[in-house]
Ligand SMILES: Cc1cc2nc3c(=O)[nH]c(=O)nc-3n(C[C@H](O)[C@H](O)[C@H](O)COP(=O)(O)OP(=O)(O)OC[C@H]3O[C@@H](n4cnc5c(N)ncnc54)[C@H](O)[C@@H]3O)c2cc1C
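Presented below, as structure tokens, is a lone chain in the form predicted on its own.
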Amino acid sequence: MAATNAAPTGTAPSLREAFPRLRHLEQHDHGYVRRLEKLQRKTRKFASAYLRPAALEIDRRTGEDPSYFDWDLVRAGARHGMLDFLLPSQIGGGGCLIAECAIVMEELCAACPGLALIFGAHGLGISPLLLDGPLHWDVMAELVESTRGPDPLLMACALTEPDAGTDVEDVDLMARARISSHARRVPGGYSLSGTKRFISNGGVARWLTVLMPVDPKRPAETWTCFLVDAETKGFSVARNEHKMGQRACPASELTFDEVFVPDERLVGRVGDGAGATLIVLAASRPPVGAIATGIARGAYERLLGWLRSDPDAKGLLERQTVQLKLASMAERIHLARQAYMDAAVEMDVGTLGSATRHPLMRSLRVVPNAVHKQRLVRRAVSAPRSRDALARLLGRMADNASVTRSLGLSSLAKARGGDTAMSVTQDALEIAGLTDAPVRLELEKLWRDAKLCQIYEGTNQLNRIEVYRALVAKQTMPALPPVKRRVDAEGVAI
């Protein structure tokens, strides 16, 4: 391990080198660029000090025992702001937008994608709550407070099932998906039953955003999001999967056996989950593209450092075939990076930008955290009228066409990034050959880590279908919840 830590690497790019457009942007908003640079330096310092030195050993241990989880590293991440950067600034979080989250994920994944995924999956679990405005700020405030103590809380998002993976990430496919889970209306809330599989952080999360249909015969129309406390009776972790890559973050099978969720822990409204899933994917796929870009960059930098310094690599860097391969690797990384930043900025500024500037959101900054935890306040903000008002507000701040365009750009970034991670890590391994230098182990791990980027957040095939629909066919998908709708006696849209 010591030899690995001491091995020199290629030079990581500065923010202006990574995104040339920012040199022009800073002429208009110098403070924005400086904030991004500060975040990049902070994350890079944390990743270098904590993630890379531990990466190979934790990967080895989780390969032998999938139940192993390094809580000490999570605590270190909490101290350095890696668990609260996505949480609203109004409750003490970092208040980062999508572009900032993407920069964080690239830096973390250039060090260790598996450990980085712990923080990324935590952010994914939080994402559906952000669409609900202040309705669940009591739980999010609890998450922030936990980062200040010895036992930080993690979140997860439970979406996929044993027989329904990518199917549940597309509205058209969902109607034909083999979904076995369901939520049943009971007095005071809902009872959740079923199995969720391949859930990152699922076995270690305290809170989970869980998506299930209320009517199994109409999954797309009744797909609904619930906020579940993992300590609720009936919830259990069936197993942790043996993974090829990104092992440090557990992928778990979760069982819901009549798990009760009170009405106030409904996320959005019954039946709004399918559209919310599209919005969350449009927001989460740029950071996934950044994860893949970080993996590719990590392989490129390790290889370049080895070529420049290790006697075993003497002469390789002078070969034109190697130079051409390195140039191609740098080219693919740069283009993948621009793709995820384009998608992130489109989401931040174009699609949901008005939300961050809305007077209501700004006014909530002055509300003390203790207020969000009061039961009467929670009842008021979770009442049907409040949820309908939030749907109307979201409809005024965005439209289906803009969300669809963001989804197309985000899907493009995700697919391009996943393919780049696989091709660059493969090229790096081929150039390194069978060297017994520590860099070989790191490159092998990054190659294993890269494959997941073509699978999670929807397979690359599905993502390219989204690119076709949004950017080629110019279709508009129903992403925003309807402002007005008819509902049956159970509160299900009809």
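Each residue number is its position in the shown sequence, starting from 1. All values reported here derive from a predicted model rather than from experimental measurement.
One more form of this protein, predicted in complex with the ligand, exists but is not displayed; see below.
Proximity to the ligand in the model of the complex, taken as heavy atoms within 4.5 Å, picks out 461 to 469 from the listed stretches 461 to 469, 442 to 450, 62 to 70, 423 to 431. For the residues C157, I98, C112, M140, the 4.5 Å heavy atom test against the ligand in the model of the complex is passed only by C157. The partner is absent here; in the model of the complex, the one residue of D272, D348, E169, D132 having a heavy atom within 4.5 Å of the ligand is E169.
Although the partner is absent here, I455 lies within 4.5 Å of the ligand in the model of the complex, judged by heavy atoms.
In the model of the complex, the ligand sits beyond 4.5 Å of every heavy atom of T222.
Contact check for V288: no non-hydrogen atom falls within 4.5 Å of the ligand in the model of the complex. In the model of the complex, the ligand sits within 4.5 Å of a heavy atom belonging to A251. If you take 125 to 142 and check each residue for a heavy atom within 4.5 Å of the ligand in the model of the complex, you get nothing at all.
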